[in-house]
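Okay, here we've got a single chain as structure tokens, the form predicted alone, with questions on binding and movement later.
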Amino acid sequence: MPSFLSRLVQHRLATAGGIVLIVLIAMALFAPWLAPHDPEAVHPEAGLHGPSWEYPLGQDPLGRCILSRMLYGARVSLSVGFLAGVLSLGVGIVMGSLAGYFGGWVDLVIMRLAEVFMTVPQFLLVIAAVAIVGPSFTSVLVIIGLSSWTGYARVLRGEILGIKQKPFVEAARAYGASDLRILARHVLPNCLAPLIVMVTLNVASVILLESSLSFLGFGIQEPQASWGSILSQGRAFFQTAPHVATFPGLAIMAAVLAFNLLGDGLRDALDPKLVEGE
């Protein structure tokens, strides 16, 4: 039977998405060596110049190198996506585990809290929170992470409700294992597949959300670069200098599409029905 990795590699779209992500991550990690210019160096006299040998993606309204800013912006956008995704996953695992395993009033309180979060559009919630605490890399990351846990919690709760009645869980309980040990050793490992898929899809959503916030001025602030802020600078010059907005827009599209393709591949590779049918 082919391994999980073999099944994933056989999924061509997922492989393509993975390759794109590897390239984007490599660009972010090696930005100081790949960037041809200082991303914050201003040359007002050369503002909005198009692509050239010296500036492969052109220059922004202040004459800064768009390629250099996009490489450093990849660090910001991908870091927010990954770190906020990990934070929301951690909160979702805690809340979903408590709700699904203990049930009763604990389940009632957590699920009602999740419903409160879900009744308010996340974008509006994040904008309101950022407006209160102030826009910065840390505040955007934490606020997005703390507002994205509900999906994980609901999925994990449903998985645990079905698993906690299984004979192996009852046997562990009969042997005197603590609730924490049962959750960590017997329950959560059997719930990982849907969470892994959700992480990839959530990271894509976080990158899009961060880019939208930065585009509107509520996210990463100047002079720090992010794809959304670079895109925002180019919106007023789209007819006269379309390169300013085009390249960061393509980068956002590529990252979001790559994560979604990888998520689809992971879902198919982890599908128990497909595994059993082989």
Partner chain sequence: MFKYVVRRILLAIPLVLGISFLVFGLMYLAPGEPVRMLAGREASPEVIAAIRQEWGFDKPFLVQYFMWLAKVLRGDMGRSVISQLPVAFLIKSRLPFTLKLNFWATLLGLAIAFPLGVLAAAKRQTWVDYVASALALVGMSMPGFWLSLVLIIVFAVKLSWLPTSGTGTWAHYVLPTAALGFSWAAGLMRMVRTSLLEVLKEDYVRTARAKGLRERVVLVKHALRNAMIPIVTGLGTWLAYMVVGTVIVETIFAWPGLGRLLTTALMQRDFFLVQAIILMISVAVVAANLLVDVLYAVIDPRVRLS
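These numbers come from a predicted model, not from an experiment. Residue numbers count along the first chain shown, from 1.
We do not show the form predicted together with the partner chain, though everything after this point is about it.
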query: Interface segment, criterion being heavy atoms within 4.5 Å of the partner chain in the predicted bound form, picked from 25-33, 234-242, 64-72, 41-49; finding: 234-242
query: Any non-hydrogen atom of residue 115 within 4.5 angstroms of the partner chain in the predicted bound form; finding: yes
query: Residue 16: touches the partner chain in the predicted bound form, heavy atom cutoff 4.5 angstroms; finding: no
query: Residue 246 within 4.5 Å of the partner chain in the predicted bound form, heavy atoms; finding: yes
query: In the predicted bound form, residue 165 touching the partner chain (heavy atom, 4.5 Å); finding: no
query: Check all three, 127, 131 and 261, heavy atom within 4.5 Å of the partner chain in the predicted bound form; finding: yes
query: Residues in 65-86 with any heavy atom within 4.5 Å of the partner chain in the predicted bound form; finding: none
